[in-house]
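Next up: just one chain, as structure tokens, the form predicted alone.
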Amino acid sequence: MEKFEAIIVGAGLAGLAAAYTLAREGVEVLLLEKGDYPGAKNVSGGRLYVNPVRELFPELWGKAPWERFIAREGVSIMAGERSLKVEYCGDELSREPYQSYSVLRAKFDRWLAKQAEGQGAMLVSKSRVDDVIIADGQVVGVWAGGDELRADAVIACDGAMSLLAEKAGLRNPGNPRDYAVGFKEVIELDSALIEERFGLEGKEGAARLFMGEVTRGKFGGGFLYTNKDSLSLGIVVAIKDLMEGSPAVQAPVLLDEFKQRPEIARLIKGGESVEYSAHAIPEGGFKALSRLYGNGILVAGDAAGLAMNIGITVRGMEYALASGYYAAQTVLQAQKKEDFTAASLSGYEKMLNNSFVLKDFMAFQEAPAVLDTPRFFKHYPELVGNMMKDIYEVPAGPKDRLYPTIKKYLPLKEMWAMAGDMRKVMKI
């Protein structure tokens, strides 16, 4: 039996942030990662919003392995045969310090792991954790590959379907309603072509989200982020919709269809797919969060459910970094008191409540229910697409005036239904 001051399970951003923070303060911390290396099994769309966590790790951001800073935002509403794209550019996006960057997790996580090791954290990869060790009602360690590893505190950062949180009694088995599945490809493409196709210069990057037919009208959407010399392209779709939809659709097929859309095909033309990954994503929001702490244990990142989809933005990495940081701060406080009971570790939830993390989740707690409205993903894309078709069409004969053209798509029944949907949207 080996004893450590803290054991962290999972070397994603939450686990790495916790390990870095603890090791920086001289804590003997063991970080266990199931993959071959940090980032080998970690998947995200590929965008990190820095502003919320800038002050937590100010010494890191200047040397982080960013891909491109996001200077152009885009949203596309996709119907079966047409689409409408809205693009935003603002001076604030192109001024330092930049608000967000595209990242490649295999590169970024390995770099952050080296920073944690440089502070003194002990990282062990290819290490599967099977269970928590409980003594007198308190988590006192983990079983990893048959080895009994003990610690004053355990921080569970083992992903969306967290086994450790479940074993510790902090969460029930996952409900399909609260999760989505994401499929992603990294497509290598010459940097000059990326800049030409997306209207970028130098280190500028673009982020685009897609909704509608891209998921065949199911709850979810597509994303595209530009990297230095590659594109991160993917689909996210609700697991519940995949299970209940008729006819059934295989999620990977959606990504193949997405790539064949002319709007996408011209952007990735000539590229080579060099990475393919899939990942479960917590999307239940505030009401689906696990308990964040117990006797001897804290839960952070995806394991706690700290990822958010509000339609026009999808966020998770900054919540992982912040929750890992605050979990580490809680362990430091518990060390001073020599008390690792749930009562002592409850300070973790208080820290998250006072930070942007749970303030965001409480502010957008209605988002999952609002977005679980089929009209947003099927009806409105077709409505908008058909309306724009008639607005821009120039027929052989006389053209109708604009107002009657638009009005025919908005009869009283449709406007009444739209008002009902707007009342839902007002909740977020």
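The first residue of the sequence shown is number 1, and the count goes up from there. If you're wondering where the values come from, they're calculated on a predicted model, not measured in any experiment.
Same protein, other form: the form predicted together with a small molecule, not shown, and the subject of what follows.
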Given 317 to 325, 210 to 218, 112 to 120, 333 to 341, the stretch touching the small molecule in the model of the complex at heavy atoms within 4.5 Å is 317 to 325
Find out whether any non-hydrogen atom of P52 is located within 4.5 angstroms of the small molecule in the model of the complex, and reply yes or no. no
is_contact(K378, the small molecule) in the model of the complex, heavy atom dist at most 4.5 Å: no
L224 within 4.5 Å of the small molecule in the model of the complex, heavy atoms: no
So in the model of the complex, is the small molecule close enough to G296 to count as touching (4.5 Å, heavy atoms)? no
Contact with the small molecule in the model of the complex, heavy atom within 4.5 Å, among S127, S355, S191, Q329 goes to S127
In the model of the complex, the one of I264, A168, A238, A307 near the small molecule [non-hydrogen atom within 4.5 angstroms]: A307
